[in-house]
Ligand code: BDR
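One chain is shown next in structure tokens, namely the form predicted alone.
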Amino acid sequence: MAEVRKRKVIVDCDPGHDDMCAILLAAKHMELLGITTVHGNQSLEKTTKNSLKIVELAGLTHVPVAKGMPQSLLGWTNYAPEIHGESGLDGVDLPEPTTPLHELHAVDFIIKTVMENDDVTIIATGPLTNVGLALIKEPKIASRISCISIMGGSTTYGNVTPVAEFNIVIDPEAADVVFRSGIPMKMFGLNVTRRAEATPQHIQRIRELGTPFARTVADLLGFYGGTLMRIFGTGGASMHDPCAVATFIDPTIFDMRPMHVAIELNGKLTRGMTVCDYRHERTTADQLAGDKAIHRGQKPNCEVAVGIDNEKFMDLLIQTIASF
């Protein structure tokens, strides 16, 4: 039987506890060509150090890590130490990493890797600064990227403003470049990722795997989940970022719908909003009640997650952690 070719991926991230889980899924189930780091959950220095800590913890030091953009395209930053801690990966005192960084800047690493490999997928779990800048610097990569899978945005409400999610509103100009690129896209927004939850029971299942690696992951997720429960009253650790990876491993986990997604750049109250147009899904009866051209909406440019089977999702994540 012919071997099934693994999907080639770059994970562009800002670790972050849930970014760690996204990296683990990608490394185990895909051909992980590299990890690129960006400002976001913490400063670029900290997210880069955390990426190196993760690859050392998981035995992935063969995967190149390239350091990227320290701020948005307009020079703005904002971090989330109240969520992920001062290090960006609080909960366990992981050793200082010794693995060297890749010599290329993350933007150049993305361009070079895409130009040298067919059908690369980019999984972006932080602000889209690196990806957007790569598309600006070398527009040719747009026709070579198989898909961009994004954790960001929302079809409903935001978490930084009433309508804007963190990863998008941190750099909406970069997000606008990405969503207008014409590249096939998947979006996993807060409307679904808040339902991707590692409950205390799930974290205990990870702990009971019994390996030092699993216990470390459980301790990290325990810190993260405890923080979210104290601040927001959630039931556990929100696994936002792994959703953007899991869709390629088991597509049945998610309910995806085609939509046209645009980024609001100018609204006084709505800057950074992902404006999701799915008027084309209205029934014939709805269309007959008014102007069909209006109800039809814009041509979809993205598959957007609207539902998740959380138990199936967490089973996949736990089984993956068990395999390390």
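We number the residues from 1 along the sequence you see. Predicted model, so just to flag it, every value in this text is computed and none were measured.
In what follows, reference is made to the form predicted in complex with this ligand, a form of this protein that is not presented.
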query: In the model of the complex, the residue from T216, S146, N159, T155 that sits within 4.5 Å of this ligand by heavy atoms; finding: N159
query: Exercise: F254 in contact with this ligand in the model of the complex, heavy atom 4.5 Å; finding: no
query: Contact flag, F166 vs this ligand in the model of the complex, heavy atom cut 4.5 Å; finding: yes
query: Partner contact for T129 in the model of the complex: this ligand, 4.5 angstroms, heavy atom; finding: no
query: 4.5 angstroms heavy atom contact with this ligand in the model of the complex for N41; finding: yes
query: All of H84, T125 and M151 within 4.5 Å of this ligand in the model of the complex, heavy atom check; finding: yes
query: Listed range touching this ligand, judged in the model of the complex by heavy atoms within 4.5 Å, from 201 to 209, 172 to 180, 105 to 113, 237 to 245; finding: 237 to 245
query: Any residue of 186 to 205 that, in the model of the complex, places a heavy atom within 4.5 Å of this ligand; finding: L190
